[in-house]
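Following this are structure 1 and structure 2, which are two forms of one protein chain, each written alone as structure tokens.
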Structure 1
């Protein structure tokens, strides 16, 4: 009988770790609010996708569309109603939900590869809609931005000369409320990250609940053997559609949060390579596991930010230990993978993970854990005996 960690304990540990991010990440240099906020936002995005892909095995290639829709919805709320993020987030979740209901209803008529291709086509269609066709709504190529003459009917004008910033009932998202010096690191605690972190913990809680519920069990049954379910007389469509819509709403929430971080929504967020990156996050972390998607999202975001900053000079400094020809050789090998070449690393990583570690980081960690504790050897002995 496999032992499973107590769910309450898991959520508690998860919450503590996430809330302590500014402290934990300080030594890695990733503890600036912007990046941590991205960790949390993409964590939410990945958790949502995992509910669809990890549980039902339906591989959607179009979730970036929901992210984009969420961003646009939030932006319109900022422009028309108020800079308070609360209504904006609610609207982005709702709109993304409706949008995913429509797309899911059509896409889920097919399964397997057809489903992937259909979602891909829908995502590309949404991208084209946002990029050119629906320009009055999305401001096309430039992207939707805040302007001074936006109505914002609920807000009182404090400073007419500058663009207002996003807030949650008066707490400004970008405001750093505590800036202590601990262990020689300058820590920054800001509201934006804690809003995202709270929502991430909430998402994680919902995902745990779904995983343990009869509904989650049904979704897993879809992945294992859908034909059998159909022959038992159960229609799987409502379940898969529900999973699709839930994951779409998570994506919408993530999109809305991205807009609260930086009030701007562009069509490039909806490109299908963005969906591909999401899939990679979930697969890298471990699809179908609870903690995997968050791990994958943090991993990818972290390396994205680290690798993008490296340039040829930093590489030369790193590899300066050997003779000059060796330095040049190493630099010329590594250089295509860093800085501008992040996409190349991403693609290569994708292939390596899918080929050698289909279970993702969580699976890899478990394997290493078993190897250390000798569980495998004991199991083998038990089989022999």
Structure 2
């Protein structure tokens, strides 16, 4: 009973924080719709991957394939049927689920490093197919884009001379419906972010239910000792395959949302580097935890947005407080770690987290919480004495 109450409180707090992102993120410079939508989308992507990796321990390097398939499915829906994102997202989830079922059925015949290599191989095959062989479906290197002559049979033509925008039953995703100034910050509330935020909250809710269910307990048992389960006569493959498919469907949803945010689907979303970044998100935030994957996704997306925009002129402005030789020295030291080299900073932070916080950012927060609680208790005992 207490655990259920804690879960309800966690879901409530999570929902309030996500919905208040425009206000919470304003001081950090990240409160613009495009970045906040990416926070939500990659949070969904990471939540899905955590159901597979965090619960079963199966490390997949091929989840970017499902992200790409979801984007392509959504784009074809936009081109052929309607710019309404609802059917596009449904198709993205279904196609990604079918694709993950096929890949999972083959890959899950192996475990450990062999499973990881198989998923990586399938992802690279998918990337190469999308880049070359399946050009009529994917438009190859250029990527799948909207065209003026697309059928869109369910849409009414409003302006034949311009490309239409994605919408949810008439609500345009890019439309900013409220633009107040609060505490000196110009905030932007748009429909696109709140659609992504609602789906992120729903994804988090589903994740909590899976974690607390008998199915989730079975997945944890697979991670703990799969051999022992097999010896007791329990076949683990249906459970791991179900987790793989659910995880793939989350990835398909994230891919469909990327297409709704920016109507373009390219093979680059299916590269192994995208899968590697996903692994970093989950491990950095805290694999096997509920909130960790979302924290890791926000952390990496934020660093990608902020550090990649810093250039040499910005650094000179930052370090202009000292003599010229000191400014030049500091700029030469920091410059390789920002701009195009922001991944070096991410790699260094990742090594620090893995070394000192094996449980990720959630582990760090729990340690700080225990330290504060312990300090408060010691202070209370000292006052009593």
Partner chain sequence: MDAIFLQILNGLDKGSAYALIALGLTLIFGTLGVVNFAHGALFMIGAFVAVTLSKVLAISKVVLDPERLDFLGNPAKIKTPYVIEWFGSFGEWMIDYTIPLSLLLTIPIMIIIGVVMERGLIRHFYKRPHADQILVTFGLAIVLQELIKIFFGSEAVPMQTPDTFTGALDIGIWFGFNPGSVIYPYWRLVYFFFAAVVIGGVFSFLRFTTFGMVVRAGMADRETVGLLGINIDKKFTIMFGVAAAVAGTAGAMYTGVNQPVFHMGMDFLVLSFVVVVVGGMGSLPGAVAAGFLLGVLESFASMPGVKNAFEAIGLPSIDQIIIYLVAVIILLVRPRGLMGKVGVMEE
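Positions refer to the first chain, counted from 1. Basically, rigid core = biggest C-alpha set you can superpose within 1.5 Å across the two forms. Here the structure is a predicted model, which means the values were calculated and not measured.
Each of the two structures shows the same chain on its own, and it is structure 2 that derives from the form predicted on its own. Taking the core as reference, the Cα of residue 322 moves 2.9 angstrom between the two structures.
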